[in-house]
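Just the one chain here, the form predicted alone, laid out as structure tokens.
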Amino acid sequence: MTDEQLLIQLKDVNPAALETLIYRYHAPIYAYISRLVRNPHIAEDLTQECFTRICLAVRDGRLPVSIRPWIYRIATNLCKDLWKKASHRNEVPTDEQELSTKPDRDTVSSILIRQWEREEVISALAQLSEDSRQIVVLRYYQDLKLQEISEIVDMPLSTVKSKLYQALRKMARILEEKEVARSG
């Protein structure tokens, strides 16, 4: 069943459609929001709010053409609303969740090296502006296409490409500076 069919069934108040939609999108939306807000409790609240807004929009007859970008745009707007609140600006971010959930069967030293590299990347990612970080997360952690990202962040495709390129260059510079500082 396609996402579009699910929303039509959701509009007809089919509880199974809601369960299926949540099953498909809860984990990726939670992971996306979590990487942006860097607080698992807030991420869970915003994820629930995202699905509440989806249901309200569908109930009101607002069915989008493209479901996936629409859901991510709702999640993005919830994060933007949070960032605008003064109380959020004073919060101390919690540790980032691990980037990979794949089990490793390597040596302890190689596992530690990979963990250290992940932490370095997360640290570099945190130094980006909110919009640049969002584009990198959507592209590389959520595996969305550039056109979908353009729709989600409501920017022209060329701007998304440019911001992604600049963000990756900045991250590379940050990582390179850390490497030089460590070896020197």
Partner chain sequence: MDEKLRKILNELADEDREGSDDEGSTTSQSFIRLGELMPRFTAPEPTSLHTTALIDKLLPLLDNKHVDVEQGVNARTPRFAEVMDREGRGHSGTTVSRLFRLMMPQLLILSPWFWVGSLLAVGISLMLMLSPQQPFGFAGSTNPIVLMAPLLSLLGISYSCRSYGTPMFELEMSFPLTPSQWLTGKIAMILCCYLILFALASGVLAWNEGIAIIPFTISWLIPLCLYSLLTLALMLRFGTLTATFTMVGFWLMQFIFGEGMGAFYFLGDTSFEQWLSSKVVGAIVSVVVAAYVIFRLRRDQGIAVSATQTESWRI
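It should be emphasised that the depicted structure is a prediction, and the values quoted were computed from it without experimental measurement. Positions refer to the first chain, counted from 1.
Beyond the structure shown, there is the form predicted in complex with the partner chain, which is absent from this document and is the topic of what follows.
Shown alone here, residue 121 lies within 4.5 Å of the partner chain in the predicted bound form, counting heavy atoms only. The partner chain in the predicted bound form comes within 4.5 Å of no heavy atom belonging to residue 129.
Using a 4.5 angstroms threshold between heavy atoms, residue 4 stays clear of the partner chain in the predicted bound form. Taking non-hydrogen atoms only, residue 139 approaches the partner chain to within 4.5 angstroms in the predicted bound form. Scanning 152-175 for heavy atoms within 4.5 Å of the partner chain in the predicted bound form gives 158, 161, 162, 164, 165, 168, 169, 171, 172, 173, 175 in sequence order. Annotation for the pair residue 65/residue 11: C-alpha atoms approach each other in the predicted bound form, by 3 Å or more compared with this form.
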